[in-house]
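The chain below stands alone and is given in structure tokens; this is the form predicted on its own.
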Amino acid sequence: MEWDAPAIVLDARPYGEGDAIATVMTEAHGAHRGLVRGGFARARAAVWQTGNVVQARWVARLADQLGALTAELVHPAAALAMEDRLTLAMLRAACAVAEGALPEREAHPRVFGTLLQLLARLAQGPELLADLVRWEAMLLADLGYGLDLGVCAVTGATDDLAYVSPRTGRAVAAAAAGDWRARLLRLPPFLCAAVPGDAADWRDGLRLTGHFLARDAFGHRHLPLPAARIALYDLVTTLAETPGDA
């Protein structure tokens, strides 16, 4: 059994002396683990950095075995992100969400393709946060936990949508929120229209998708939200609360 395909390195962890267990994601094979011989040796460690795009090859005698992974570096996203704290946090958070939320060896081509585009655009900086939140919403939808953000759950209105129910994932218009306003999640405008938003919007978007990721995508697998995803939210919250940086 074998395959050869472009892949995103989602995670690589030490295994034994110098080897690694890596998780990569491809369009056709989804999140896929394998043993990397010498993966943490000096000559190969740079290839297996989280977020890198590689040409990966997986080989195993039987389909259900761990198998062996080898790869050639295509795009060094990890190295390019190192110079900026927020960019690196976005890269690590996205890869951690994909690695933890996606069932192993289950294809999600939309999730893969959009993540690949995000990695290619990391240099855009903070404005990419809106697209990262949209990507998380797409991932939730692909897993069967899609949010309904097109119409108010109370009135049926399609305008003035300002909140989301944390229980149902359905939008609520500002005029219909009433006494429940404090219990609802804010719906940032960029999730309803093609606008970039600001730091407060990005923070609220991450809070929104983070709630459903934690409850559904990770909660149903009895896993916590990844530390890298929490760290990104904390960093964006600080950005939103710092005058002049939003």
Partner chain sequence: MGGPEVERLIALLARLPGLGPRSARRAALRLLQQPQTRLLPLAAALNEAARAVRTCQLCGNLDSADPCTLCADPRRDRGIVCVVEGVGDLWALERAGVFRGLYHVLGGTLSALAGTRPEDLATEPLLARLRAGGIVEVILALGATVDGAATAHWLTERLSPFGVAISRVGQGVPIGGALDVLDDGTLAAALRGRRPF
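Predicted model, so just to flag it, every value in this text is computed and none were measured. Numbering follows the first chain given and starts at 1.
The same protein has a further form, the form predicted in complex with the partner chain, not shown here; the description that follows concerns it.
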All of Thr50, Val74 and Ala79 with a heavy atom within 4.5 Å of the partner chain in the predicted bound form: yes
Listed residue (Leu140, Leu115, Leu88, Ala173) with a non-hydrogen atom within 4.5 angstroms of the partner chain in the predicted bound form: Leu88
Contacting member of Ala28, Ala46, Ala193, Leu66, with respect to the partner chain in the predicted bound form [4.5 Å, heavy atom]: Ala46
Stretch in contact, per heavy atom within 4.5 angstroms of the partner chain in the predicted bound form, of 88 to 96, 127 to 135, 106 to 114, 142 to 150: 88 to 96
In the predicted bound form, Asp84 touching the partner chain (heavy atom, 4.5 Å): yes
Touches the partner chain in the predicted bound form: Ala20 (any heavy atom, 4.5 Å): no
Within 4.5 Å of the partner chain in the predicted bound form: residues from 1 to 35 (heavy atom criterion): Asp11, Ala12, Arg13, Glu17
